Ligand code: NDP
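A single chain, nothing else alongside it, follows as structure tokens in the form predicted alone.
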Amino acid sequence: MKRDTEIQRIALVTGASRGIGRAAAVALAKAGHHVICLARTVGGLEETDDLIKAAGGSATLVPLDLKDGTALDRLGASIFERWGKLDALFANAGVLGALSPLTHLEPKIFDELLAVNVTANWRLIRSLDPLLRASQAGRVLVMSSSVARKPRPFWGGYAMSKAAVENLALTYAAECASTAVRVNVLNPGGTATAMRAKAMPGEDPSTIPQPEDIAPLVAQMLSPEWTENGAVVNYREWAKS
């Protein structure tokens, strides 16, 4: 089976068409990864690809809806056929749902929160685990939020999904403890993204960190040099250190 063997490290970024996902994809490319960029929006992916090429990197674009479980199941096989391994996974993509009292949250929104923020990440782990174990230094980083541990009124749907995916990631970390795979969680805090603007429409985005501020930490936590496992890292604490 012929594979692309000239590329040292392969990284997959979900939600790579904008925000933190896009900035992280560019940072990983600059760090020497070939980046598999996954998102629903083809135009956004192409814009990310342009930025990666401008930075001297390379990417493979995968237009895919995270609610398509069958496609996620096939993704692992496709990566295996081309590269035989995966070195880094940034499980970044997520949806906010609606800021609403729990009793007013519509079932379809609740279901989408679970499908995108939780189930899709479980299916990714299930599909990609053999590839991560085939790497000499497999790294997984899962995006969380402060509300996963400090719930606040009207954020219940999103907080529930982030608490679930954080637990999923930390369980996977424990299961990988005796392997070369390291799994960690990132809480970026308030960042100037489209999701943040939806949640905080009156906020001045220039007063909070930008996606490009978060990206170096993502690249660091997905590098072979990062050996911590099962950690929940807060960007603001890291930035102060």
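Since the structure is predicted, the reported quantities are computational estimates derived from the model, not experimental observations. Numbering starts at 1 and follows the sequence shown.
Below: the form predicted together with the ligand, not depicted.
The stretch among 172 to 180, 25 to 33, 193 to 201, 50 to 58 whose residues place heavy atoms within 4.5 Å of the ligand in the model of the complex is 193 to 201. Proximity of L38 to the ligand in the model of the complex: non-hydrogen atoms within 4.5 Å are present. With a 4.5 Å cutoff on heavy atoms, I20 counts as touching the ligand in the model of the complex. A residue is said to contact a partner when one of its heavy atoms sits within 4.5 Å of a partner heavy atom; M143 meets this definition for the ligand in the model of the complex. Among residues of the shown chain, V95 is one whose heavy atoms approach the ligand to within 4.5 Å in the model of the complex.
Contacts between 96 to 133 and the ligand, taken as any heavy atom within 4.5 Å in the model of the complex, involve only V116.
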